[in-house]
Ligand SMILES: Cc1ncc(COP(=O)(O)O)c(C=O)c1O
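Okay, so here's just one chain, in structure tokens, the form predicted alone.
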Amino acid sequence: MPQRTVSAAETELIQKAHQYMPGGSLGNIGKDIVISEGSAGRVRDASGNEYVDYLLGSGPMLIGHAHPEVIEAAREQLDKGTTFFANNDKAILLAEEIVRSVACADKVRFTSSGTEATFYALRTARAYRRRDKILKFEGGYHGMHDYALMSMSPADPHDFPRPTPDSPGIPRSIQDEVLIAPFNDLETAAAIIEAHHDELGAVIVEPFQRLLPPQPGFLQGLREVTAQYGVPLIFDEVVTGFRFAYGGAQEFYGVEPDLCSLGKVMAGGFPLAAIAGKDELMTHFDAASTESDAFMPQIGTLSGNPIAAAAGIKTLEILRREGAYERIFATGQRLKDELQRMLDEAELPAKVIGEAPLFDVFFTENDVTDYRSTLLADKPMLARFNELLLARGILKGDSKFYISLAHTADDIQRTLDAFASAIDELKR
């Protein structure tokens, strides 16, 4: 098996990481690897090893690393100032483009992270509804705030709709304000909403949950039942926004929520996220347009940062160019199809799940449609597969292949060769 060469310099950095940071990491992926640079669809570690990159910074780098036009846009803004804590032209123009492209967006508020965006989206919906409870879906990821960390990845899930906290330090009272439903089970979700609609301030869902596409009719049914009871529906599009289509998952799946959160792709690799939604909800951010007891303050030192907004404007311009999404989808679909074919030919029980721009393999014979079915997959086998790919120059997270516009034919061939070699070793 190929081995990654680790230099003395990278070894020293890894040792310092373990000395100065909990777990020796930033809290993201736990691999002992130090990335020093990235260009287009590849990255290099501090030892000089090069990888085809399907981690893509956990998704933001949809057009590739260090895109020269994005770098130039950011550099131009750097010369003009880095942050102002006031309106700036770049943030205003980015907000205009979001409203133009995202179906549910009448107004936009910026934050610095997706966690903030989903947190404020939930608060906005609760302010509008004057109700405290929220409903989220088991296995759904909405960042790192207390509400999001209910039944995100429970090892021993409770009966629905009772939540399971995923972290210590969360007040017990939060558990009383969160209801949990199974993704892709419209009957159960609708029944919970119907039973608790008088208490619900919001329903939040990833329209594409982690790696799980919605079953036909699921999002449409969720839209119908929330609209029936006047409960705001929030799509967490931090991952899917501008990735599945220029208008996000709401365009791709044809379902329009009341609010959405955006991030990752929108900021071109810089720290920027947003809440976008209907006027009647977003007005709670405006002290001049709402009653004093309904006004919802939202302050962030770097919210709408002009450097990040400049990078975002240029990134979205590149994605609007002819053929951009066709290329992303063609790349992802080829890798998906070939990976499934190789696994089938090797007679390894496995299913490649997701959409072309974002997918992974589950080592299981069972259908994978919700969080509990993912628990039946062979996770040690996936971890082994990831290790084998890393040794062959393919970088990905613990789960997910993120596809970029910058991946070349050579990147694809190198990946397919790595798939074949890694699968051959998995069979032994």
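Residue positions are given as counts along the sequence shown, with the first one as 1. From a predicted model like this one, the values you see are computed outputs, not experimental measurements.
Absent from the display: the form predicted in complex with this ligand. The rest refers to it.
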Problem set entry | All of Y141, V239 and K264 with a heavy atom within 4.5 Å of this ligand in the model of the complex | yes
Problem set entry | Position in contact with this ligand when the complex is considered in the model of the complex, options P257, G269, G304, G114, heavy atoms within 4.5 Å | G114
Exercise. Exactly one of R126, R210, H284, R109 has a non-hydrogen atom within 4.5 Å of this ligand in the model of the complex; which residue is it?
Worked result: R210
Exercise. Just one of 142-150, 305-313, 318-326, 167-175 has heavy atoms within 4.5 Å of this ligand in the model of the complex; which?
Worked result: 142-150
